[in-house]
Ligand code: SAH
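One chain comes next, on its own, written out as structure tokens in the form predicted alone.
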């Protein structure tokens, strides 16, 4: 819902979905699982000039923001440092009045215990346009991920959402506890972990049975979601004993008992409770990170490398009888310069690794040679058996192993190495380095990602190391770290499969 229809371009002259003059977008980011963000939320984040975000948003929610967007952390942590709401409201109004497109990104839904109504009223008072983008609220999503329907025929035909943490400055509570205790349905309490004793006592005092089922879901929909079950009589003690902490949702009512029958998350998420550091270049990490999150992992994005294209003109490809692609990046960089895949029609095409071959297929080329082992020695052996070769082109990174070019030259071939990109170290913050080394697993999909993480952190000790293939494993060992798992299939999917198998075996 919006205060007026969107316009075609914004204050910086771009054509995008959020209009020309300053405007505030109160956007719900959902409960935690990035897959539960709405399409509209993703669109607005991608087009925003400024994003003011809370702590409880999906880990990857800001990944789609523009590189030049201003990202401002205004998050509040229960019991910890607080950013005054008045400061946040004043800031979003100020940015919008400066002609900027402002996304106020909130966990869950902005109008469900999100103070979105206060911010909308402030926009009205200041004459600032605003739009509200609803989000999936945790009071529904967290129970659902724990196998608890908040309504169920024959058990509960109504549901009430209640804050378990009222403003401490209010002279009296706005919660009518006797009426709430008498409510004929499910009660979902937000932000009530620290007051769970009082909540349970008030409900029992108001007439709810002491043995009524209660479930508490911590970090609902995240990879490390945890749930406990109890009754009003013991749920506070059960929660404390299990180490459950905020953020969490407490569900009171008969439907809470369905968690025991309908809990589906464990089977669907074999990596639940595991943290995985992904060290690929930022532009390439999203696919493997999304797969890992779908499997339940908490993903630590620590892009140790970045890919920088090089200025290079392609030679006349018709003059080569063999073209050897050494990596996915080499394929992508060559086809970024190639107008027509038919330019390779007269050449034998070789690919090091199934991932490289798959990338070629995406560009309409079926590789003629794909060795079983994803190393230069293997492709050289197979090419030697198919040779001799007259002219060979090797599109690759600026720095690379010389095994293949030198081996073919020794056999009489004229070999041109075409550097199309360079791999550079990505700057990692101390928090990123600590998070990567503190993860349960670290995935390395190239030798350079291992080397650069080592340079940034000074060690690879800590997580179990999962390698995409032999060359990457050799690089890890050269850094003094043994490889715990090596993928049988040398692709991102193969790395994930190897990780899942290792978790299952342990």
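Since the structure is predicted, the reported quantities are computational estimates derived from the model, not experimental observations. Numbering follows the first chain given and starts at 1.
Quick note: we don't show the form predicted together with S-adenosyl-L-homocysteine (SAH), though the next part is all about it.
- Residue in contact with S-adenosyl-L-homocysteine (SAH) in the predicted bound form (any heavy atom within 4.5 Å), chosen from 75, 107, 272, 405: 107.
- Checked against S-adenosyl-L-homocysteine (SAH) in the predicted bound form, the residues 296, 400, 147, 247 give one hit for a heavy atom within 4.5 Å, which is 247.
- Screening 338-346, 384-392, 186-194, 318-326 for residues having heavy atoms within 4.5 Å of S-adenosyl-L-homocysteine (SAH) in the predicted bound form returns a single hit, 186-194.
- Residue contact with S-adenosyl-L-homocysteine (SAH) in the predicted bound form: residue 95 places no heavy atom within 4.5 Å of it.
- Although the partner is absent from this view, residue 123 stays clear of S-adenosyl-L-homocysteine (SAH) in the predicted bound form, with no non-hydrogen atom inside 4.5 angstroms.
- In the predicted bound form, S-adenosyl-L-homocysteine (SAH) lies farther than 4.5 Å from every heavy atom of residue 421.
- The closest heavy atom approach of residue 303 to S-adenosyl-L-homocysteine (SAH) in the predicted bound form falls outside 4.5 Å.
- Along 135-153, a non-hydrogen atom within 4.5 Å of S-adenosyl-L-homocysteine (SAH) in the predicted bound form is carried by 137, 138, 142, in order along the sequence.
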